[in-house]
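One protein chain, two forms: both are listed below as structure tokens, the first as structure 1 and the second as structure 2.
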Structure 1
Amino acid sequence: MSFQEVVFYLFSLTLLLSAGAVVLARNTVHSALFLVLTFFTTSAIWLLLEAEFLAITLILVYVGAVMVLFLFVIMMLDVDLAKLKEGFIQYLPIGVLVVLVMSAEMIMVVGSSKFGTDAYPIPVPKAADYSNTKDLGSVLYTEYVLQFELAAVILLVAIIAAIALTMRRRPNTKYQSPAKQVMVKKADRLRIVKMDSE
């Protein structure tokens, strides 16, 4: 077994175990941390595929930003685990059914008949000075520029929608205006009164 294979199997095993642990962990914070581990090992496997730009972006976006906010929310919530575990047996048959159907569908779509070695030749390792970033960028901003812009617009709409849904002006809330606070002069706040000593 070559060194690359050892690394691949090591990371794949970690990936599968941590992905399982995300579902099985009793503590929600542990689940979230296992998800972080899953992202990390996925990124390592992408690195083995010489997709370093995507691998680093995965860590930057999902580990560095999304999961931080996720952990934030989970730590603030007081999740009642006993209540969540209720009705486990009752929902088990339908859960198993959904899992089976989903697995079958995924095997049909991304199985070895479509993505096997006979459909795709084994990729040739790139030269050491090959720039993944440059390649990706030049395709993304020329051939797929319309799709790229569309995705950006959809994200913008999502942001505006999320803000519009959650933001409400409450008349009773008092806001501070930092600009006014900074502009304040001594004379606005302080009055020196002359008076006789008593």
Structure 2
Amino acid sequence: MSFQEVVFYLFSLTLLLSAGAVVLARNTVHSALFLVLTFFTTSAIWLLLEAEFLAITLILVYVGAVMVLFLFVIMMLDVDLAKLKEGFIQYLPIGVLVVLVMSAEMIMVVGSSKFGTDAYPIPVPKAADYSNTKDLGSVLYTEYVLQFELAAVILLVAIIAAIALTMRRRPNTKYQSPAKQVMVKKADRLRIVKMDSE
């Protein structure tokens, strides 16, 4: 067993344990921190697969932005853990069934002939100036440009829907109407008063 395989199995074991701890941790802050560890170990596995751009993107976007936001929200909210655990036993059989179905699906996909070492030839070593970011960009914007743009449109629709769902108008709040501001003339706002000098 080579050193790379040992490191891969070490990171994979850490990934599985931290992902399980995300679900099983009693404290929500600990759960979020275990999710950060999960992202870090995933990016380390991507580095082993020579996908440096994806690994750095995972750390910068998810760990650097999303998880910091999660931690702020979790720490600001007063989460009642006893109330959250009330329906745990009630929904346990459904949760176990979903886990079994998803595990069977993943085993069928990963265990098929399209994946594994037999499906693809051993990669040829790359030159020192090789950039997988350049190759990823060229493939993404040529072969998969339609799928990439479709994903961008779906994300844009999701952002707009989230804003529309959370935006509510409060009757006591003062707000300005840009349409009325544009229609205002000088005579509506300005009144010149002549006064005698003192």
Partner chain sequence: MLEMMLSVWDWMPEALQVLIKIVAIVAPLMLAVAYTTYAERKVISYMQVRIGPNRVGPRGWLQPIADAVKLMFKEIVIPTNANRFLFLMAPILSIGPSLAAWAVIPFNDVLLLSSLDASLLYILALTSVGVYGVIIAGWASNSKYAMMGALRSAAQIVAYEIAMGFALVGVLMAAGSLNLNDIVLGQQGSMASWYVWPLLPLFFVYFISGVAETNRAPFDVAEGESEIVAGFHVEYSGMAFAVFFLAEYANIILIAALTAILFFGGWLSPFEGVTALTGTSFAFLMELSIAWFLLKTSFFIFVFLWLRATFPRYRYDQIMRLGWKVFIPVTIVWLFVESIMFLMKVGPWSVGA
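If you superpose the two forms and keep the largest set of C-alpha atoms that fall within 1.5 Å, you have the rigid core. Source: prediction; values computed, not measured. Quick note, the numbers are simply positions in structure 1, starting from 1.
Note on provenance: structure 1 matches the form predicted in complex with its partner chain. CA movement of S12 between the two structures equals 2.6 Å, with the two forms superposed on the rigid core. With the core fitted, the CA of Y175 sits 5.4 Å away from its counterpart between the two structures. For R189, the Cα shift between the two structures is 16.1 Å when the rigid core is held fixed in the overlay.
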